[in-house]
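One chain comes next, on its own, written as structure tokens: the form predicted on its own.
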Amino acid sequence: MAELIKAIARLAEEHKATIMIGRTHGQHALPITFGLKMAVYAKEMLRHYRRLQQIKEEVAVGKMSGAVGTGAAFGEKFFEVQDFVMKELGLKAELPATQIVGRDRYIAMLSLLANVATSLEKFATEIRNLQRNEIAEVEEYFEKKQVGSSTMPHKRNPITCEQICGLARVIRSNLLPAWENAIQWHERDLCNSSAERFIIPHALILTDWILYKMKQVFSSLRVYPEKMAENIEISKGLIFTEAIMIKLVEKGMSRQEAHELMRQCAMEAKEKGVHLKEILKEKKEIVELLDDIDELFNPGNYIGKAPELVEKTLKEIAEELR
């Protein structure tokens, strides 16, 4: 997990000022930087890293207090015996316990694994989407002699990200039996045992595997800034309506008036199939307030504090993982 965070952080550092389009609802929204996107992912994984430390403490417990948890069979030596055994095993003693340690602990662990898997599937899904031919802003590394399809020689499929997505769903599926295993008859029954022998090792192994594969993906990810810049132009300037609206407000126009004016201009540009700047230059109320209309369509002027946000995030990550 730490190596994955570092791999994502390297991308964030390299591309903290690489401008791309931000998307909401699958539609072009506002400019962001690819580095900011990566910083968000790195910070999400850092939270999982912290949770992992907490979960380790929670699940690393044991008990040797007998069939119902009283320690009666050891008599006066019970605490001494249990403490000795737990020390040998590198565990803390659960006080008190029944015949087994509380399964709420395993629910917490498997929930974390499911949470991690969900983040990885989210990252992999984003890469798959950005690798689509219609977008083509990033791409999984493709070996020189790698075959994408047995029948379509041109294919370069994001197969590692697809594998991550599929296995993440298996990891999450282990949560349902984990919850149900916590329901015991009296001081314990055996319904949990058979399921746990399957779900615990498999969830751990699969999570470890997709973490490893995700690290491979980010460590060798191909990023195409030129395509990102090209895609920004697809909207023909519509993504700058918010930035222009704010400029109009700064010049004295009310926000509501500026919003409605830009909405009308955007709809007109879209209906006519022309660049938004051509519509703005025809509007007297806009030309009178804004001097250099062309400069308003420079995406570099509207990425806010994205590079600084990346730097602050990377500093926090470096301090925690040093």
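For every residue, the number given is its place in the sequence shown, counted from 1. Just so you know, these numbers come straight off a predicted model, no measurement behind them. We call the rigid core whatever largest set of C-alpha positions still superposes within 1.5 Å between the two forms.
Beyond what is shown, the protein has a form predicted together with a further copy of the same chain; the following relates to that form.
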Practice item. Tell me, yes or no, whether R172 is in contact with a further copy of the same chain in the model of the complex, where a contact means a heavy atom of each within 4.5 Å. Key: yes
Review point. Applying a 4.5 Å heavy atom distance criterion, does A195 contact a further copy of the same chain in the model of the complex?
Key: yes
**Study point:** Residue contact check: S219 to a further copy of the same chain in the model of the complex, 4.5 Å heavy atom
**Key:** no
Review point. Should E44 be classed as touching a further copy of the same chain in the model of the complex when contacts are defined as heavy atoms within 4.5 Å?
Key: yes
Practice item. May I ask you to choose, among L248, L204, L91, C165, the residue with a heavy atom within 4.5 Å of a further copy of the same chain in the model of the complex? Key: C165
Review point. Even though the chain is shown alone, can you say which residues of 22 to 53 have a heavy atom within 4.5 Å of a further copy of the same chain in the model of the complex?
Key: G22, R23, T24, H25, G26, Q27, H28, A29, L30, P31, I32, L36, K37, A39, V40, K43, E44, R47, H48, R51
Check your understanding: Against the rigid core, is the Cα displacement of K56 between the shown form and the other one at least 2 Å?
Key -> no
Practice item. Would you say whether L30 is displaced between the shown form and the other one, judging by a C-alpha shift of 2 Å or more on the superposed rigid core? Key: no
